[in-house]
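Before any questions on how it binds or moves, here is one chain, the form predicted on its own, in structure tokens.
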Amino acid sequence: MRSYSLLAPAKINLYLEIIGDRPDGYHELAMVLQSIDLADRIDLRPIGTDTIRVRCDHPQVPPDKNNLAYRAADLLAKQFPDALARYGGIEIVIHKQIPVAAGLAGGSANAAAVLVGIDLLWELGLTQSELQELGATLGSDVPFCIAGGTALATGRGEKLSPLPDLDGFCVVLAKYRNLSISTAWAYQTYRQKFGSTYCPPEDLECRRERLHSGPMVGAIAHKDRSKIGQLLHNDLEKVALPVYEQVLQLRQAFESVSVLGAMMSGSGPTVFALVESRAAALEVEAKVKSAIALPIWIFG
């Protein structure tokens, strides 16, 4: 029977603004999301039993229902039991390149690839919108990871408006090998510190006034690389950088060399810099490595 091998690209946040609370307990967000070349590979093949099996070459990736890739397969098995009975279960093999708990949506990317791959394996014929609707039940980043590219994300991150593709950029990413930041901690801490400034869920006028993503969207539309670098913004830096000094040091190391802009991605701890060429990326990588001697991962 057929098998599939899919790439699951990581994403970075070029813009992340927290507007307020939602009735469902999540935060109302405005984000600009961007796929990058760094990717995991997901191999999918049918197996003879009606089970889901997950294997990964990274020791921190769980092989059970705590893994979003497993949950994506389980979701489709429950939604389409006839297809499960006809085609059998799935073995999912994850070849990790995206660091774990890095603010790069690695788990969501894996789940997105599993949804797309099983749709092909089981010949479900689902549209991208249908896959995204299913993905949104697994995590806020999964719908974007299904579509990829460049997008404005609102709601809790699941409502997407495609933006013009960015070209002419290279991204350099750095992360301390043994440092991770809990996404739940980042958002909960932000709520504790800044919740008094939130717009109430029912106050639509307040929410419209709080949205400041327009200039970034405009810069992307006009492919203004310099302006995009200047407009990088992440509200979660307000809580992460004071607590995680290493992340702040990485950001400062990038800013001290010739980059268009630098910022923490998502809830961190990965920091990225935008540059205009591969040669510039290699130069930035060398300078940051020489400035920070502690072990870090850097991806061009």
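Here the structure is a predicted model, which is why all the values come from computation and not from measurement. Heads up: residue numbers just count along the shown sequence, starting at 1.
The discussion below concerns the form predicted together with a small molecule, not included here.
The closest heavy atom approach of residue 134 to the small molecule in the predicted bound form falls outside 4.5 Å. Contact annotation for residue 248: none of its heavy atoms lies within 4.5 Å of the small molecule in the predicted bound form. Taking the partner from elsewhere, residue 157 is found to have every heavy atom lying beyond 4.5 Å of the small molecule in the predicted bound form. Of the heavy atoms in residue 61, some are within 4.5 Å of the small molecule in the predicted bound form.
From the list 121-129, 163-171, 149-157, 90-98, the contact stretch for the small molecule in the predicted bound form under a 4.5 Å heavy atom rule is 90-98. Of the candidates 116, 186, 220, 102, 102 is the one whose heavy atoms come within 4.5 Å of the small molecule in the predicted bound form; the others do not.
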